[in-house]
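The chain below stands alone, shown as structure tokens; this is the form predicted alone.
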Amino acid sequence: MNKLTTLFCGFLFTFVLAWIGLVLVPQFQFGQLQPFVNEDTGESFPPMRSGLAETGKQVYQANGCIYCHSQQIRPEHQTADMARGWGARRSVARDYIYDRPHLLGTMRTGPDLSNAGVRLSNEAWHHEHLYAPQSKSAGSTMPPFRYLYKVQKIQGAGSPDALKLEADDAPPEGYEVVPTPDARALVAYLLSLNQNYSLPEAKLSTE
């Protein structure tokens, strides 16, 4: 009986200790973080996303983008993330205070996207990349997301949002490829990914 009591107390102690270390301590350290307000400009960082970008985050999650892309720039002394041009500073907890859930990721089959909206700010580029990844990034292993787009017959002058596709990626003569609402939302989310601002705990490397 004494052995069972000791074993139970051991399990309970281990669970409580793990809960304190993994839940209580991080909540104490980061749970009260607030946006940083620049006193000179009045700007608040990190900036809040638009409703369209928040919808795009759901599309990002639903399509499993997190399995191949991370959203965290690691410290310069640990990695070459900044040397690769993925960001001008390391990511910190404050960058994610509006994210539920946090999409930090664990793999980098593709590049980190923490600053995708800064590095790749062209909306048309993102649409063409989603539809035909290899046309924008030679050798890319990213699958095409063509189901996020609609092939339709050209009416009149055609849609101003039609993708400019070439060669085998182009639609049949007389047709065009246009984004669906999900594709527009996803691109809005990608364009919103921006950690290119200074925080008290993480200054830009250019400062």
Partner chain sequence: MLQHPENPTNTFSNIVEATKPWLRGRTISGVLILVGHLAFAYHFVLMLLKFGRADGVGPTLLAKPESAAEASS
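Residue numbers count along the first chain shown, from 1. Since we're looking at a predicted model, the values are computed, not measured.
The following text describes the form predicted in complex with the partner chain, which does not appear among the structures shown.
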property: Contact label in the predicted bound form: residue 141 to the partner chain, heavy atom within 4.5 Å; result: yes
property: Contact of residue 74 with the partner chain in the predicted bound form (heavy atom, 4.5 Å); result: yes
property: Heavy atom of residue 108 within 4.5 Å of the partner chain in the predicted bound form; result: yes
property: Residue 135, heavy atom within 4.5 angstroms of the partner chain in the predicted bound form; result: no
